[in-house]
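Just one chain follows, in the form predicted on its own, and it is written as structure tokens.
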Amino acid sequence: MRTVNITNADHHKTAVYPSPFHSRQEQHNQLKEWSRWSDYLSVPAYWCESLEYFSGRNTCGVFDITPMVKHLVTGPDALPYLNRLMTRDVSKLKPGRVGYSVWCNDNGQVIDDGTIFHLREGIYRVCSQEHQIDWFLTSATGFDVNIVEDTHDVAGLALQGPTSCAVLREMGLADVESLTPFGLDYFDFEGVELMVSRTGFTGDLGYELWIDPDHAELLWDRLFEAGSTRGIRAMGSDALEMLRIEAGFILAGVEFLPAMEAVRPTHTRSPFELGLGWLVSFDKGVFNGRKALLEEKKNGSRYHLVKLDIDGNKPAKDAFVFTRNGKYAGTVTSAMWSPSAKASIALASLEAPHGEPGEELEVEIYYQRELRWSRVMEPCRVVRDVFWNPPRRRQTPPADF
């Protein structure tokens, strides 16, 4: 039997909503530019994307994650349902923990990636880049489970950077420093429940704060009051994009095309082709795409998602990747000049058998200066490690920066 509540599943509407934090974002938004993220107005940059980036690396930046699509999963079969849906073994995700996962179609191709929050015993929330309620409901056949898209019911802020824990302590969240990576806990905030998870999209020390939208503005105010001596800054999506590339994090629609949106099925990617084989648990039983992924593991993958260290200082945006003898090897998916690594870095999807760490390749970079386009072929290397992975990301309790 399946029990479904889709009261808030209004994702087919084309309206653009102001975030519960909109009035505060408007005050900080010196550039007066807005973009759309999912169903919400979002800020690309408040005043300077480079300086906002440095707040995420040197002090702390605040990013509005309310538009992240949220799905509440409850009911007697919540766990078996999620274990059937996801590639990872969700039974190992205990209450108070958060886990990263992907979910696939029957061909083992990734539909989306996201985080699973085990809020309380048998109560889960799945956060994703894209609206997934249709696929989640279709996959619920035979399970006694309630699935609600509750995006509008939860306001969220990401607080990221080395001073983030100190700011939360200053705000009065007792013992928040004991929260371990991918842990979550609940705190009293002005008489309402505030959930804090030690999660983020920057590869640094950071937290995400989740609260009832009616208290969103007050949370913003208290956070900035507490961070006034810790370098707190509002941070837009342009700075977040730089931070996530340095951390090696993938993004739907950039590193992979969601399988449900692909016109040509050959243009999608499997977990193995995204470097996420560690998220595939074959020993847990049946899950969507298991048969196809077993076959791929046996016969090999078509692509490898890799990290490139590129010579020179020109970002290799949308560049082709070639072997040293000029044969096509793949394409760059994300690229930037990294202020922290002091290098031109990129994520790239390479055709097998290319992609082993240490492999020497070349990228074809086009760049424009004063209305003139130039082309350079820069040597590059496939590297194993991400470009930003500081010890403070895992340290518990974090140092008092």
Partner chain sequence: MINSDKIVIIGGGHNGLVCAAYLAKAGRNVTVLEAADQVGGAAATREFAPGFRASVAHLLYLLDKDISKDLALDSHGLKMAKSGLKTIALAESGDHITISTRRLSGANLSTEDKAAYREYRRFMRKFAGVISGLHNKIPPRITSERSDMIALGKMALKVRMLGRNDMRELLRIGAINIYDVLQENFDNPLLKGALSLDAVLGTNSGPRSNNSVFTALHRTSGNTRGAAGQLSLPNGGVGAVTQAMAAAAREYGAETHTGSPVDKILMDGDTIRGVQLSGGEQIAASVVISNADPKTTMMNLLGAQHLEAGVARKFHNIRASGNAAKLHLALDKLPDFKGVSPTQLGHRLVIASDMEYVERAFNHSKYGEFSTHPVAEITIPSIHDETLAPDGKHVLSAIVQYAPRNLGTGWSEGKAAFTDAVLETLSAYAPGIRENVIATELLTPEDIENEFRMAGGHWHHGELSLDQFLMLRPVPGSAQYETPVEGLYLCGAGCHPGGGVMGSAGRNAATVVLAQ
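Positions refer to the first chain, counted from 1. Not measured: the values here are computed from a predicted model.
Missing here is the form predicted together with its partner chain; even so, the following discussion is about that form.
Trainee: Taking 4.5 angstroms as the heavy atom distance cut-off, pick the stretch from 180-188, 205-213, 287-295, 273-281 that is near its partner chain in the model of the complex.
Mentor: Residues of 287-295 come within 4.5 Å of the partner.
Trainee: Can you pick the one in 106, 221, 193, 311 that has a heavy atom within 4.5 Å of its partner chain in the model of the complex?
Mentor: Here the answer is residue option 106.
Trainee: Considering 331, 301, 163, 139, which brings a non-hydrogen atom within 4.5 Å of its partner chain in the model of the complex?
Mentor: Selected residue: 139.
Trainee: Hey, in the model of the complex, is residue 143 touching its partner chain, heavy atoms inside 4.5 Å?
Mentor: Close contact exists here: in the model of the complex, residue 143 approaches its partner chain to within 4.5 Å, heavy atoms only.
Trainee: Does residue 230 reach its partner chain in the model of the complex if we count a contact as any heavy atom within 4.5 Å?
Mentor: The answer is no: residue 230 has no heavy atom within 4.5 Å of its partner chain.
Trainee: Can residue 134 be called a contact residue for its partner chain in the model of the complex at 4.5 Å between heavy atoms?
Mentor: Yes, residue 134 is a contact residue.
Trainee: Residue 84 near its partner chain in the model of the complex, any heavy atom under 4.5 Å?
Mentor: Yes, residue 84 lies within 4.5 Å of its partner chain in the model of the complex.
Trainee: Just to make sure I understand: among 43-71, which residues lie within 4.5 Å of its partner chain in the model of the complex, judging by heavy atoms?
Mentor: Heavy-atom contacts within 4.5 Å come from no residue here.
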